[in-house]
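Just one chain is shown here, as structure tokens, and it is the form predicted alone.
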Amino acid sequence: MARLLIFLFFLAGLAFIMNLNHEKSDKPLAKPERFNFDKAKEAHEKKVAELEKLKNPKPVEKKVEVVVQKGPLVELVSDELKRGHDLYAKCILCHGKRGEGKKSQKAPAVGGQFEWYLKTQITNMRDGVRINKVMNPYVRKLSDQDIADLSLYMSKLPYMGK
């Protein structure tokens, strides 16, 4: 019996609170409006026209800009850079003209890399510290001066071919 009385008081309090909230607002809880067929038809036609525009977009003219770089990638201002440029001619096949590397041949990007890093890696490949069967025929006959010149040239190439 006590539970029933507590439940009834709870419902009465809830109804009272809802009634207070309703009286504070000037707007009724639900404002009935009549359905306006003309407005609905107009809105529908607008949406259908919008969908037609999306289905048949106007052809967009694509502007293609061709960037032609004038001059060499690296200014050959010293004898070291000239020798490095000549040595890099063998590397272009795998590493690319701009040093961007080729994923298909698993050749890393070397353009713009630090000179000391390139020199260390090439020396390690030549001396057998770093084993690379693909690079071995190219680097095994390089002298220390050749490696220094080649590293200098590759470090001057654009970073990542850009």
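What you see is a predicted model; the values in this text were computed from it and never measured. Start at 1 and count along the sequence shown; that's the residue number.
If you look for the form predicted in complex with a small molecule, you will not find it shown, but the lines that follow are about it.
Chemist: Using the partner position in the model of the complex, report whether N132 sits within 4.5 Å of the small molecule, counting heavy atoms only.
Modeler: Yes - in the model of the complex, heavy atoms of N132 and the small molecule come within 4.5 Å of each other.
Chemist: Can you tell me whether G101 touches the small molecule? I mean in the model of the complex, with a 4.5 angstroms heavy atom cut-off.
Modeler: No, G101 is distant from the partner.
Chemist: So, V74 and the small molecule: in the model of the complex, are they within 4.5 Å at any heavy atom pair?
Modeler: No - in the model of the complex, heavy atoms of V74 and the small molecule never come within 4.5 Å of each other.
Chemist: Using 4.5 Å between non-hydrogen atoms, is N56 touching the small molecule in the model of the complex?
Modeler: Outside the cut-off, so no.
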